[in-house]
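Next up: a single chain in structure tokens, the form predicted on its own.
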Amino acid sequence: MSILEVKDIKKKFENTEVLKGISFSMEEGQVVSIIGSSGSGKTTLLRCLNFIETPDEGIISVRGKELFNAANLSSDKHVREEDIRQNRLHFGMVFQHFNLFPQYTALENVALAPTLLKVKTEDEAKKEARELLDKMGLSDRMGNYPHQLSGGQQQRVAIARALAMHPDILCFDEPTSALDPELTGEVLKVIRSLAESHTTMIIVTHEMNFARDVSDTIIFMDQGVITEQGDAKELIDHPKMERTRQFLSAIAK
């Protein structure tokens, strides 16, 4: 059974159709990277999977359980807030711009959600937060506030925060695009180690060499559709579609 099944997801904003029928599946422990030009719908797809946006059409299932079916929505496309909260627990989202709470330390940022949602006691949440931050190489930064951390350190705190909820699938939205080049490597190293430990991940990225090396599958999106998907090394090295070749050629320059 696939851990994630996405069927015919469509989304438009006013008169602009951003997703035009996205379908794919992935297995547990698999890493899927989504590549494509800006405006191709990659981030909107991630936001739909994390229930930040509500798809207009389509079905999202995790571990065989249907989390979302647009056909079951009322005419006003309303999803109950409680359902959204429960559905989001299946996904951990790491944003492009970190989105840490500035008033909380690194440790508090990581421990906050498990404590608020009563998944763990405060002591249990902080114990695991310390372990996660240690894995991120941040054992000496736990008491620091976000403004006292570099961009790479903030992003590693954000990764620890997402992992603290033990999601089925960890999602990254261009996790290095807001970082200086010298800080990019430290974040990619963490993601690579997660891949090696078979963490199920969806990564939207412009880092082609990284995507090739760390991913099992690559999905190429263009103008709201998947135009090509397949084995990561095969797709990057020998793309079948002309549009994919054009994109990879342009980004390599």
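The shown structure was predicted, so the numbers you read here are calculated from the model rather than taken from an experiment. Note that residue numbering follows the sequence shown and begins at 1.
Form predicted together with a small molecule: not shown, discussed below.
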| query | finding |
| --- | --- |
| Contact flag, R63 vs the small molecule in the predicted bound form, heavy atom cut 4.5 Å | no |
| Heavy atom of S38 within 4.5 Å of the small molecule in the predicted bound form | yes |
| Touches the small molecule in the predicted bound form: T184 (any heavy atom, 4.5 Å) | no |
| Contact test in the predicted bound form: H206 vs the small molecule, heavy atoms, 4.5 Å | yes |
| The single option of T217, T43, N50, T200 touching the small molecule in the predicted bound form, heavy atom within 4.5 Å | T43 |
| In the predicted bound form, segment of 208-216, 185-193, 30-38, 54-62 with a heavy atom within 4.5 Å of the small molecule | 30-38 |
